[in-house]
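In the structure tokens that follow, a single protein chain appears in two forms: structure 1, then structure 2.
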Structure 1
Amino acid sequence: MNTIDALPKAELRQQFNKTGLRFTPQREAVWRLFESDPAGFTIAQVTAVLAPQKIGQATVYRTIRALQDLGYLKWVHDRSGEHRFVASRPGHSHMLVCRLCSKAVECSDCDLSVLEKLIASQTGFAVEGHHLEFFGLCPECS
């Protein structure tokens, strides 16, 4: 229920090529890493894990940004306030982050439109979008 389904290699290649980017072994390795753990990783962790495979840190930075732009990576915050990246699917969604195991799951169908209307009427603010992270305990850690 939590881990997202593995992304077919062909689909990932297609996503890269669509925007003129190339599908390289290094980029696939980075993506596979994120796919392997729903808790996600910080940039430092990714470079550390992939260093033995001789993947340079510049490549890690570039790949993470590319995956972000494609919508396959979203960020959440540690309790320490640090960025952590998590595999996801393109499109808007919210993240539920477990306080204990750090696992992050997407919550895409949670509607905030009611709240946005309330805000509009109370403050005159025309809400166009939002970033929302929940933290708490996942079913396994409860």
Structure 2
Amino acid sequence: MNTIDALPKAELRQQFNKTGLRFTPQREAVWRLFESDPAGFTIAQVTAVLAPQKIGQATVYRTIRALQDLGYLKWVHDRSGEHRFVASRPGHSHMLVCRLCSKAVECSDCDLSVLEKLIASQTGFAVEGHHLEFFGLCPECS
């Protein structure tokens, strides 16, 4: 399990450039907001927080999508069932979400290959992956 350490600006710029997108100050502001809080944010929350900086909803949506595509954001469910986005690192992992404080922690230990094969054989689906989220109480809340 791990929490997200500060990500160097140069790494993000390089990843955005690989996709043909510029890493603008507005995109950096969106990322830094997610990086600042392990509970993450909804799109509406990000839009409201960054509105005074003249960062609009369209920029927020596009940046969140790009960060998801790059593997730097994952979505989780909050207490009301709404989607929040939390900072992560590229690669396969799952989120553990505290049901009281909403803190999300990444867990990269995952070998569900046997379960995927079983599901494939029982359903006929060609399983290509999975999304798994755990919830409970973090150490501070338990």
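Fair warning: this is a prediction, and the values are worked out from it, not measured in the lab. Quick note, the numbers are simply positions in structure 1, starting from 1. Superpose the two forms; the largest set of C-alphas matching within 1.5 Å is the rigid core.
The first of the two structures is the form predicted in complex with another copy of the chain. Relative to the superposed core, G20 undergoes a Cα shift smaller than 2 Å between the two structures. After superposition on the rigid core, the Cα of E116 moves by 2 Å or more between the two structures. Taking 2 Å as the criterion, A126 counts as shifted between the two structures: its C-alpha moves by at least this amount when the rigid core is aligned.
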